[in-house]
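Take a look at this one chain, the form predicted on its own, written out in structure tokens.
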């Protein structure tokens, strides 16, 4: 299929509240890698009070606890429609606080539990130690098989039935610093603690998400034209295996 005739709808959820450590760069990467291939992009920023229409791909970033609290109730009000869109094949990527809200809940130390939207069977509780530093993750579904990024979180996330990790941590702490896993994936829902931003340093993961979103929209697998990722690959290699 000629990619010049394709289009995607991408939504950035609550960028005014959840946008730490360059998380917006993930959306820029998705949009640009589509445009460079001639794929038309319909892009929406969705903030508190806005309606959520049907999109092919949703992104939500991370934020401080206060900003996460502000977003949690609003996001929960859209739970049913977002679960329905998940089941229809929509692609979701959540970073840090956004990742936590994809699960059932986040329980802070001394505050009320923040209800998640249960896009995946996972939950998060506040830990006593902050995990900070570069992370390298080995995956079993991407080529190349490594993801790199930067973690800065104290939440401990645990995965439930049917949810796979993004990969195994070779450097860093990942979901909880205990089980050796980082991130999560269920259907077309992906969550991770990797800031950085993530997708510019891992362009093949960006393309994987774009491919899934195109398949959701058009009902068939579409092969993406390769791009010159020389600089992106060098950025990736510069981080692999480095703790700080």
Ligand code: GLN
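Residue numbers count along the first chain shown, from 1. Since the structure is predicted, the reported quantities are computational estimates derived from the model, not experimental observations.
The discussion below concerns the form predicted together with the ligand, not included here.
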Q) Taking the partner as it appears in the predicted bound form, which of 32 to 40, 205 to 213, 56 to 64, 178 to 186 has residues with heavy atoms within 4.5 Å of the ligand? A) 56 to 64
Q.
Is the ligand in the predicted bound form close enough to 134, 174 and 242 that every residue in that trio has a heavy atom within 4.5 angstroms of it?
A. no
Q: Go through 170, 77, 115, 154 and name the one with a heavy atom inside 4.5 Å of the ligand in the predicted bound form.
A: 154
Q | Heavy atom within 4.5 Å of the ligand in the predicted bound form - the one residue of 90, 96, 120, 166 that qualifies | A | 96
Q) Would residue 26 sit within 4.5 Å of the ligand in the predicted bound form, counting heavy atoms only? A) no
(Q) Whether residue 102 contacts the ligand in the predicted bound form should be assessed with a 4.5 Å heavy atom distance threshold; does it? (A) no
Q | 4.5 Å heavy atom contact, residue 130 and the ligand in the predicted bound form | A | yes
Q | Non-hydrogen atom contact residue 217 with the ligand in the predicted bound form at 4.5 angstroms | A | no
(Q) Can you list, in sequence order, the residues from 10 to 47 that come within 4.5 Å of the ligand in the predicted bound form, counting heavy atoms only? (A) 20
